[in-house]
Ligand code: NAD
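Starting off, we have a lone chain in the form predicted on its own, written out as C-alpha cells.
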C-alpha cells in the first residue's frame, strides 16, 4: 500500500509499505476522507514527539471497514465508520482508572502517527475495533465526519476540563478549529458570556455563530488587560486554552477569578517550561486550578458526539475551509496547514464519497 509519511524531522513524502495485519480484536480500514491537523505540523516540522522514520502521518479521518478480526462482534467489512484520533486499549489499567487516553503510558492512547502508522494511507489498522469505532450516521458526510475524529472531542474536552457551568463567563484562547469547538461546547453547557481570543475574520465569524459574545486580539495588548477591562476587573470564571504556547498560561492565570479553572487542550509543541505567575496564582494558594488533558477516545464518545451532529444540534461544516479530492492533494493540504493562510480553518481531503 502507499502512504504519506514523515521520513524524518522536516521531510515527508510518499512511501510503500506492507498492508497492516489484522489481530483478532482489530479492524483494517480504508479512508473515505482525511483531515490535516496542526499536530501533524508539530510532529513533522517541529519534531515535537521526537524523531520518526518512515512513519505514516495522520490521525483524523472517517473510513470504511475492509477486514475485521475473529473476535470483533459489532462491525463488518463495508461498514462506514467514525474513527477517533485516540484509540485506547480498553483492558488496560489506565482505562480502568478512568484515563483511557493514557492506556499503556502517558498519551499512549494516541497511537496513529505516534506509535504506529497513521491514517494517510490506503489502509490503516484500528486496535480494539468494538471499543474504538462507531458507525457513521447516514446523514453525516465523510468531510464533516472528519471533524469528529479530533476537533469536536478535543474542543469539548477543554470545556469539560474547565468545568464550565450555567452562567459562567468563559475565556477561550485560540479560535482555530479546536477553539471553535470549545466555544460551541461552552455555549451548549450554558455559559452566559464567552470571550474569544482571535483575529482571523473567518474564525471570528464562525466563533460568533457558535456563541462567542466578545472578541479580543493579542495585537491590541495583553490578553489579561483586555479581559479585565471587559469584566470590570473581575476576571472570568473559566478559561479554555486552545492555542498559544507555554507563555499563554501566564495570561490565563491572570484572567481567572479565585476558584476558577483552566482547561488546556493545546498541544505545546515547543518550549521547556509552562509559565505560571506566582502572585496572580495566589502565591500558590489562589484555588486556581489548571487541568490539561488529551481528548477521550473510544466508541461511546464517538457515538454521542456523532449524535449531536446527526440530530442537527451541532453544525461542524463551518470548520471546513478547504476541500481537496484525491490522494494527490494530501501534501498540498498538509503544507497549507503548515503555512496557515488567513482564510484557513481546516483542510480536508476527500478520497471517496
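Only a predicted model underlies this, so the values are computations on that prediction, with no experimental measurement involved. Numbering follows the first chain given and starts at 1.
From this point on, the text means the form predicted in complex with this ligand, which you will not see here.
Student: Can we say 186, 193 and 250 each have a non-hydrogen atom within 4.5 Å of this ligand in the predicted bound form?
Tutor: Verified in the predicted bound form; spot residues all out of contact, no.
Student: Which one, 154, 169, 103, 132, lies within 4.5 Å of this ligand in the predicted bound form by heavy atoms?
Tutor: Only one option qualifies, and that one is 154.
Student: Name the residue from 80, 200, 257, 125 that puts a heavy atom within 4.5 Å of this ligand in the predicted bound form.
Tutor: Partner contact (heavy atom, 4.5 Å) among the options: 200.
Student: Considering non-hydrogen atoms and a 4.5 Å limit, does this ligand approach residue 38 in the predicted bound form?
Tutor: Answer yes; at least one heavy atom of residue 38 falls within 4.5 Å of this ligand in the predicted bound form.
Student: Counting only non-hydrogen atoms and a 4.5 angstroms cut-off, does residue 177 reach this ligand in the predicted bound form?
Tutor: Residue 177: yes, in contact with this ligand in the predicted bound form.
Student: Considering non-hydrogen atoms and a 4.5 Å limit, does this ligand approach residue 47 in the predicted bound form?
Tutor: No, residue 47 is distant from the partner.
Student: Does any part of residue 329 reach within 4.5 Å of this ligand in the predicted bound form? Heavy atoms only, please.
Tutor: No, residue 329 stays farther than 4.5 Å from this ligand in the predicted bound form.
Student: Among 66-74, 304-312, 290-298, 24-32, which stretch sits within 4.5 Å of this ligand in the predicted bound form, heavy atoms only?
Tutor: Among the candidates, contact is made by 290-298.
Student: Residue by residue through 216-243, which ones have a non-hydrogen atom no more than 4.5 angstroms from this ligand in the predicted bound form?
Tutor: If the 4.5 Å heavy-atom criterion is applied to this ligand in the predicted bound form, 216-243 yields 218, 223, 242, 243.
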